[in-house]
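Next comes just one chain, in structure tokens: the form predicted alone.
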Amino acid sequence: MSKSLLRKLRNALIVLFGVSLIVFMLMYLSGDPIALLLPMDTAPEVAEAMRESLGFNDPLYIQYFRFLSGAVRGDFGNSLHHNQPAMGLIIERMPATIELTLASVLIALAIAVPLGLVTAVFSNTIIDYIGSILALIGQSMPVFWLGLMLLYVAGVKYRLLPITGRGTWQHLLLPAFTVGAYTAATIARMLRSRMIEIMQQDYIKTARAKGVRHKWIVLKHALRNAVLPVITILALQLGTLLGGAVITETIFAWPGVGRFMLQAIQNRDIAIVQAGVFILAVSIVFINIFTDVIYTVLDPRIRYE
């Protein structure tokens, strides 16, 4: 177990090294960084002086190692638009993004697990057909469309819930459901197919022959073995939700990292974009490591291997 964990940590460091290269190159994707920082009518000598003072005339490898040493300390420089440390601004908005992500995961699980179990237990019946259609609709709806429809119906037309901002649990419901709908549909379909497959296994037939109640066969024997693929999907979706809720945060004016980074891109605030991409990448890497640890807890066969 310890060797496996050390190997995963080593791989994580390699991934983060690659991420640091990509984040560093963000500064150069749009051309000369100084051209992004200064007005278009800036005198050439002023631009050259600033380029020299910021170290952009140094060789690229020296600039990268200077950037890497700052990134290790969490120093990505100051935001051009806010004139404050970029990492501090990102960290200020991380709780809102984490709150939205966790709420959307809870909503997704609350919908997906019962739906997947019911459609598997009553497979090839009207209940299964209805549940499968609902899951298919959930996977097919674009996030921006669902968000706008929920905003209009629940927020504008019937005034059931607040439509913008962050404060109470009521502010959280609409954006969390918008983000979690696709994940719920994906998990429900995966859980259904996995449960149907497991219910045909020999050990399930043996449990039935021994007289084990159907409820315990489904919950104790089948569900436990069906949950590993669900955890895989959930881990992948968690990383996606953590870094990809830009559209939802923008629609509902949710003050998270995604919306803040979109504003930074519009303002050409490179330091904010670099800090945001780096911290989200680190979060996703450690989510994957934590998921691998959960595997060994739920399935002893993985631990023994």
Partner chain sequence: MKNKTLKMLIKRKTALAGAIIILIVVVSAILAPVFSPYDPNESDLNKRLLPPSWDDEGSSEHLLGTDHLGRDILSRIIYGTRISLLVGIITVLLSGIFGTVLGLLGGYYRGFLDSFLMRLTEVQLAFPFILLALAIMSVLGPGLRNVILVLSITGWVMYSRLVRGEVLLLRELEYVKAAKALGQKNGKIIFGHILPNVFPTIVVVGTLRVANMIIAEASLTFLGLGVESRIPTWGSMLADGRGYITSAWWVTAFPGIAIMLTVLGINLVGDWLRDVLDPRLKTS
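Positions refer to the first chain, counted from 1. Computed from a predicted structure; not experimentally measured.
Not on display, but discussed next: the form predicted together with the partner chain.
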| query | finding |
| --- | --- |
| Touches the partner chain in the model of the complex: N11 (any heavy atom, 4.5 Å) | yes |
| Interface membership of L136, the partner chain in the model of the complex, 4.5 Å heavy atom rule | yes |
| Distance check, A96 to the partner chain in the model of the complex, heavy atom within 4.5 Å | no |
| Residue contact check: V15 to the partner chain in the model of the complex, 4.5 Å heavy atom | yes |
| In the model of the complex, the residue from A47, L68, I247, L54 that sits within 4.5 Å of the partner chain by heavy atoms | I247 |
| Among the candidates L115, A222, L89, M190, the residue which, in the model of the complex, approaches the partner chain to within 4.5 Å (heavy atoms) | M190 |
| The partner chain in the model of the complex: contacted by all of L100, L228 and L298, heavy atom 4.5 Å | no |
| Partner-proximal stretch of 212 to 220, 100 to 108, 190 to 198, 171 to 179 relative to the partner chain in the model of the complex, 4.5 angstroms, heavy atom | 190 to 198 |
| Residues from 271 to 289 in contact with the partner chain (non-hydrogen atom within 4.5 Å) in the model of the complex | V273, V277, L280, A281, I284, V285 |
